[in-house]
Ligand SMILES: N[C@@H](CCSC[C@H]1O[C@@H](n2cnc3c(=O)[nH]cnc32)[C@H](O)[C@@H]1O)C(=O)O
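Okay, here we've got a single chain as structure tokens, the form predicted on its own, with questions on binding and movement later.
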């Protein structure tokens, strides 16, 4: 057994209390062996956590990682116009090479900001899985299925690809990669295809992930055409099971919150994207009060525009207070939970907690910073003051991915160069 000790710091425990402790990791199994005092003796390797806070690695519950290539390409537009005029035409020109470059850039950013797991819906998914494997992260991945603008044969082909990819990649990277069936949304995939293919996903044994209730324009057509609210429609299509999770949930009413609480379906809150696209304010405190599992996600970098879960936590806390008109709503402890164990539970990964027997997915936050001084409350600092650049070390599955800000599994300079080259080529193809 090869062991790693993270020593000399404070540790964030699953109940959001903070204690002085070391963390001992079995690097062969990828699990935490012990959290306690003076564990460095005999360890094969150590990470210094002096003046630092050891946290669970952050879990990005909803992302389109390769969209890093579109960061800053199209801003300041509402969702429908942004998608139809700026995003979908460029995505039509994506290649496996551009997906690889964008994914490398995205996972590099995640490692440098302490994210160790993420859920991703996009295209060329085996390429994304290969990058995740080599980078050392943990992910639940799926192919985004869309019926809008396609003939019937093309839609069936797309849905079949979604199922085939889910079967192909599930369990890759020694289990660090899992899959899901991912119809894009309740309004971009026609109901007949949802009725046909969601049961096939159940037979495959994978969860379903999709976008829902992001804007009012995604609610009105379903109410008008089907006579029910979107999440009642999702339930009719078999998409509201306990293992399922969907992104956004901005425009949900009390009946839908009740459905979520009863079904156990999880919501991934994406506050930065919701603000940037003026989609609205999700009633997160009402969901939490009802017992709904809520995770946190960045969405794609084109609508955020970064992949920092620390930024997202701050946004979630601030926006949650505005939405509830209550300064006590969505407190620091709640958003830290959402960014770790909440997202992990939502996307079906047994991580997000520092405890013996749990996966050794960890981030070490440098507290010796002007903006983190004085240290009255480290949990408050995580929610309201910490930045991605404060992450010193990142560990996933017991392996050190970043040590003292140096990423060990990717060549940072080469990643930045390839991403710049592929982004320029992508936009040039789209302009032709």
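Owing to the predicted nature of the structure, the values given are computational and were not obtained by experimental measurement. Numbering follows the first chain given and starts at 1.
Absent from the display: the form predicted in complex with the ligand. The rest refers to it.
You can rule out all but one of 288 to 296, 101 to 109, 194 to 202, 79 to 87: in the predicted complex, only 79 to 87 has residues with a heavy atom within 4.5 Å of the ligand. At a distance threshold of 4.5 angstroms between non-hydrogen atoms, residue 273 is in contact with the ligand in the predicted complex.
Using a 4.5 angstroms threshold between heavy atoms, residue 150 counts as touching the ligand in the predicted complex. In the predicted complex, the ligand sits beyond 4.5 Å of every heavy atom of residue 251.
Put simply, residue 158 is close to the ligand in the predicted complex: some heavy atom of it is within 4.5 Å.
The candidate spot formed by 123, 184 and 211 is fully in contact with the ligand in the predicted complex: every one of the three has a heavy atom within 4.5 Å. For the residues 320, 144, 342, 230, the 4.5 Å heavy atom test against the ligand in the predicted complex is passed only by 144.
Exactly one listed residue, out of 240, 277, 131, 313, brings a non-hydrogen atom to within 4.5 Å of the ligand in the predicted complex: 277. Taking the ligand as positioned in the predicted complex, the only residue of 46 to 66 that brings a heavy atom within 4.5 Å of it is 64.
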